[in-house]
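What follows is a single chain, given as structure tokens, in the form predicted on its own.
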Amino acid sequence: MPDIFGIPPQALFGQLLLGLINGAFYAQLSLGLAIIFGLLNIINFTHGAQYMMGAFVAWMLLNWLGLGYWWALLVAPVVVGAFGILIERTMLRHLYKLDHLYGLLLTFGIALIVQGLFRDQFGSTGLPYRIPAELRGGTDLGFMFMPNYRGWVVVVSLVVCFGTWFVIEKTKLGSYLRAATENPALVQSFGVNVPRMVMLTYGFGVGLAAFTGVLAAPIYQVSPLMGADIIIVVFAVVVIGGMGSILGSILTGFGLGIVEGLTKVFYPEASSTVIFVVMVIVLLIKPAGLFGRAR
């Protein structure tokens, strides 16, 4: 295959794949943030730490209990989601009617505490987590070689993201969730336990972050700092897509991952800042975000 714009096709498609993988993580994490903000009105800065906790739960299950990757995909979201529910019941529930800043400061403090505890216990260096045997190796696509695990991550992320969007936007359960944020007293009058619904919604958003952490563990080393490294980018994705917009978070996450990958090919020096440049441009043109609505 001839070069494309002077770039070898293997390099171009390889960076596109990496961008799509990063976009898959951006989409899932920003989806969890959008759910929590859109339905609970809380800016959850603990999301990066909960993503990191998911990866560490997977590592602990493997190294301490001998339970591999497939178990981790099931157990980690439940364990970390339960931790999130504990936070919601004991702390966040008192802040729902207050300014967003209070929730941001509280969750930021919790994130620093969690990150510090894991760093004291495990150090700052990354811990390896092996790819499951069923997903090792790769597939020759002719124009590039695609590692099987990376392909799996992209497919799973697409299924999880659009499945979650469908449940929230197209089902009766989702209509209850959206109604509970607008008029909780009315929804309560129909026999729906709104506090329990809010609690479980937060737990689901946190569990989604932990699930993403398990997916990321074999690609990036498991480290106490892995959440801090990605959360700022994910917040930028949420702002660009529109705070609280489920579909906006998904499409923007995957799209910006691809943009970041292409930037690494054509202008590598800007690859670490291109998302923030896009954020500034979007906010100047449409302050509510691409898919957001003015509040």
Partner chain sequence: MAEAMLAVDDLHAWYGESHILHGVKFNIAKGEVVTLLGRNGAGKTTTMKSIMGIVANRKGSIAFEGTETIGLASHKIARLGLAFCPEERGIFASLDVKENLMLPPQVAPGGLGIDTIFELFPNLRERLSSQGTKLSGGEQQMLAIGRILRTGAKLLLLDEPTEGLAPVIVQQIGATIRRLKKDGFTILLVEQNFRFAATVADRHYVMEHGHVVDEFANSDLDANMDKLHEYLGV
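Positions refer to the first chain, counted from 1. Treat the numbers as computed from the prediction; the structure is a model and nothing was measured.
What follows is about the form predicted in complex with its partner chain, which we do not show.
Remark: G191 counts among the residues lining its partner chain in the model of the complex, judged by a heavy atom distance of 4.5 Å or less. When its partner chain is considered in the model of the complex, Y176 lines it closely, a heavy atom lying within 4.5 Å. Proximity of A133 to its partner chain in the model of the complex: non-hydrogen atoms within 4.5 Å are absent; the residue sits far from the partner. Remark: N183 counts among the residues lining its partner chain in the model of the complex, judged by a heavy atom distance of 4.5 Å or less. Only one of 191 to 199, 125 to 133, 147 to 155, 81 to 89 places residue heavy atoms within 4.5 angstroms of its partner chain in the model of the complex, namely 191 to 199. Contact annotation: of the candidates V187, L225, V160, I110, the single residue with a non-hydrogen atom within 4.5 angstroms of its partner chain in the model of the complex is V187.
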